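A single chain comes next, written as structure tokens; it is the form predicted alone.
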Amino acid sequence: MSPMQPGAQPEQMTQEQFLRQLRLTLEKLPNEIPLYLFTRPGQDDVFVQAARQLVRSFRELTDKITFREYALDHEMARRYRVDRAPTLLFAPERCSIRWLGAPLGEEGRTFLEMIILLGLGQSNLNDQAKKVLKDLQEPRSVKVFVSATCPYCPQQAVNGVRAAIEKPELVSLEIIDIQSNPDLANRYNAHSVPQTFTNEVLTGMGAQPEELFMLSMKKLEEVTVFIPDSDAPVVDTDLLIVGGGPAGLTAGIYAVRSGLKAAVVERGALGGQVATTPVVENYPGLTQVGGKALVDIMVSHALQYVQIFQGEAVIDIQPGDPIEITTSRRKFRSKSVLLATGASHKHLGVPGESRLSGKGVSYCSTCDGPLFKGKKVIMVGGGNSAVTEALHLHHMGVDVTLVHRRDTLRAQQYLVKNLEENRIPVLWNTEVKEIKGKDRVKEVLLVDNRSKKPSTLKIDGVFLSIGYEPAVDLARKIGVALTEDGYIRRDAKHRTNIPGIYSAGDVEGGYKQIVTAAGQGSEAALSIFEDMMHPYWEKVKAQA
């Protein structure tokens, strides 16, 4: 994704203004985009209706899109080897991109970006990703499993689209909706999305930056580190913020408003853990809001002030004057660095958890819940997140049981009452000791903490919400002091033990709340501005 330019002032658009702008954008596209929808005779389910309606809505905006619908027994289906319905083909004479299902929910973003890229006739890949694909010599058949409720899926699906447009003679892409094609999801054990398979080999668990997607696809293995070429451009800033969650985004707003030149680097989806929170009910001013919707509001606000580099992983930080930072795409020189790297889901650490991750073991009900509709799962945990996600699964139509190692829940009373009213069963004083299954989750081994009596429970999935581990790899690498609990140690001004390096948000420990992280981000930014004006480390040197 290209960095947003500093000082950009996107206005809040009404729906009419948005459609007018979209119409102008589509009309400027130089190429036509033929779309073919394949259905079974007599088939008119929700996926077919959604695909048909979405295409027709876009055709009302531009005549650059042409649309044809065929039955699976039509000659065109044989020509393009289509054997599933519904299936959408995109400009099949120019590239090999097909959608098994329909672009519902979050996937509408993928559809829009795909239409624009096909209309432009270019991949818009960054230079590093293009260099990876330049030497690709053998065919690659890519499958990206997605769901309508997954905020990370569009990033991965668009990666596949870009690859198929950049190398149409070698790369073919199938975007597979797991709700429309549960048999394929089961066959590939793709019970956590997004998942990517290349030539039938798993090459991506979760969303990847462009370079890692292309390199994983090329090497036919999941690659986790991409080292950029030495000629990567250099960006100079007053403050580089590592992490695009509530703390990092808020810090960016306050830093720029204070007069600093700032940039945010985020290796994954903006918003952090908030992006996958089903419902937020305790953010001031918003009685109830979806986590992804709240993230969109924050990002839109931040983009009015701060430059954002999404899809870039920070590889190295060299303290000094200036501080030198190397990401997966470029280098930064900055007077200060704010570590707002957040925290990731804790793992149980029991046998079977790692092996069956993405095959029935999940850490995100928003992303993976729809696949388990009508099936039996457990939600492990006893805090606000665990209860919220259990309720979310229940309302999806999933048969969910809460498993908690204590005899009372830590969750707020309002959530506990909601759990009881929805008659969601709870296994008290119970721990998961093993997750079993050959290719996917089949059962769990449980132990009663009081009687020590083991038992087994036949289930289809295990959802985990047992807390977080701070993301302190970077901090540890450069010598930032940590607390006994493994969080970053800092003073009241969010300063670490290394001059010029600061921290904010969940990586510091304390209350894991959105409003708390945002507050810490603003505090840190204001402290950094004050220190820029009156460097505290100069006083320390003078006193030494």
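All residue numbers are counted from 1 along the displayed sequence. If you're wondering where the values come from, they're calculated on a predicted model, not measured in any experiment.
The protein also exists as the form predicted in complex with a small molecule; that form is not presented, and the subsequent description refers to it.
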Okay, which stretch from 470 to 478, 210 to 218, 96 to 104, 399 to 407 lines the small molecule in the predicted bound form, with non-hydrogen atoms inside 4.5 Å? 399 to 407
Does any heavy atom of Gly383 come within 4.5 Å of a heavy atom of the small molecule in the predicted bound form? yes
Is Ser57 one of the residues lying within 4.5 Å of the small molecule in the predicted bound form, judged by heavy atom distances? no
Close approach of Lys512 to the small molecule in the predicted bound form, 4.5 Å, heavy atom: yes
Whether Gln412 contacts the small molecule in the predicted bound form should be assessed with a 4.5 Å heavy atom distance threshold; does it? yes
Quick check on this chain: which one of Lys458, Lys346, Arg78, Arg450 has a heavy atom within 4.5 Å of the small molecule in the predicted bound form? Lys346
Under a 4.5 angstroms heavy atom criterion, identify the one residue in Thr327, Thr198, Thr149, Thr388 near the small molecule in the predicted bound form. Thr388
